[in-house]
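In the form predicted alone, a lone chain appears below as structure tokens.
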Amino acid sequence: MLTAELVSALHNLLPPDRFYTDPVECYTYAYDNSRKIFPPQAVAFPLTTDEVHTIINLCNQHNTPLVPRGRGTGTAGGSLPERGGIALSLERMLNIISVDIANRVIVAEPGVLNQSIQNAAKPHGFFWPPDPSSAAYSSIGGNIATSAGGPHAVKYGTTRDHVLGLKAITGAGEMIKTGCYTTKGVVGYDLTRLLIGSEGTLAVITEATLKLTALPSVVAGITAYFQDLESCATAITQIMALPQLPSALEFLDNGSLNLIRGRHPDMLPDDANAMLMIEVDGSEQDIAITISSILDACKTNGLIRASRAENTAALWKARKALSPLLREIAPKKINEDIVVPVDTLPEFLSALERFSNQYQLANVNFGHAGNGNIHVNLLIDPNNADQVIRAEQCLDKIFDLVIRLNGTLSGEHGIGSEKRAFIGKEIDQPTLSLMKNIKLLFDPNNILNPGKLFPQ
């Protein structure tokens, strides 16, 4: 699959420090945060659009799989080189091409970290709203590939809402430019939104025009603790029915709270079995009204207490530590990010508790409740065959419930390889066929990230 002729051509294109063929060097690019391992036969590190263009053309000529990759923080296996070939690491395309504050725009290459974009925008009073937990070390190319979200998506939306245009090379080797530089523009089909979330299966993004948002003048936090899951879920629906929208609304179940208690023993009430972490932003006057409304909405039968938080930074630090903590406990846990309509959360969370008891599985749930986006974590040992079977049966029931509730199987992690077997639950056959035809049009030789998204 990786011919001597192709290797020679790539050696001529790239210096030795930007083209690896040694299996030891390549191994670093064999896995992502799904913890599955598929070693590539080679790794290429382009620095320019022209180099990406040439690499794609060479892979077409030699019918060699090419798997685009950011920083490997994805959890759905989207950047795994399952069929060997070449891992195309974009991590060294690090240029912020322009910071145009008058037009509220940053233009950057795909390897630029999310945090670097924030650092470039903040001195001017702006930020880029997508804020996944991995923001400090995930790249904007990876954020775009999965349409990453994060806690603030409840108010500000996901990556798809904050990209004006892209430059990319299709799987056929054609250089394309999508979208425009302005916030208004309706010329032609919206290919920008098509590429966002396509997980590197259609084209390789080499430049992105990002839309900035003004930083709020004031940010405040609220914490609310509940005796039970039901009263917490009811509070979520009551908060989201308010005219005053929180900028973040995070839910943590009892399993999540116990993890935090293990690291921060005095942070939480002993009798709390569910918690909401709520952030509001805006002017001081707006915040006062919003906080009052949200505190009223939290007054369900099981409320222990709700109050303005003194140290929101410590709370967010604890919340963002949840996924790493779970990885320590169950390194190969099943990590899902389903989304259901907010008003169905009471039914969904109750069912999750029932399913985990039925299948005797440890289960920790938390997530972006304001969007109905819950991270379901089944803490399994993959070496325990019986446990794996029970986890698969439980997951099948969870996904069926999500679809019945008019939800979706992935809110921000993507499909990759981890969820492709279930995609038929959500997407009907005519729509799936149309998607496959779009893939064929962009990538006729199926070299870009082959096998991802669609059922095998």
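Residue numbers run from 1 along the displayed sequence. A quick note: this is a predicted structure, and the numbers were derived from the prediction, not measured.
Keep in mind that the form predicted in complex with another copy of the chain is missing from the display, and what follows is about it.
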Please pick, from D228, D381, D286, E347, the one residue with any non-hydrogen atom lying within 4.5 angstroms of another copy of the chain in the predicted complex.
D286
Contacting member of I423, L395, L401, A30, with respect to another copy of the chain in the predicted complex [4.5 Å, heavy atom]
I423
So which stretch, 68-76, 218-226, 277-285, 84-92, is the one near another copy of the chain in the predicted complex (non-hydrogen atoms, 4.5 Å)?
277-285
Taking heavy atoms only, is I415 within 4.5 angstroms of another copy of the chain in the predicted complex?
yes
Mark S410 yes when one of its heavy atoms lies within 4.5 Å of a heavy atom of another copy of the chain in the predicted complex, and no otherwise.
yes
If you check in the predicted complex, is N406 within 4.5 Å of another copy of the chain, heavy atoms only?
yes
My question is simply whether K177 lines the interface with another copy of the chain in the predicted complex - judged by any non-hydrogen atom within 4.5 Å.
yes
Report whether all of I97, A248 and P324 sit within 4.5 Å of another copy of the chain in the predicted complex, measuring from non-hydrogen atoms.
no
Taking another copy of the chain in the predicted complex and a 4.5 Å non-hydrogen atom cutoff, the residues of 164-189 making contact are T170, E174, M175, I176, K177, C180, Y181, T182, T183, K184, G185, V186, V187, G188, Y189
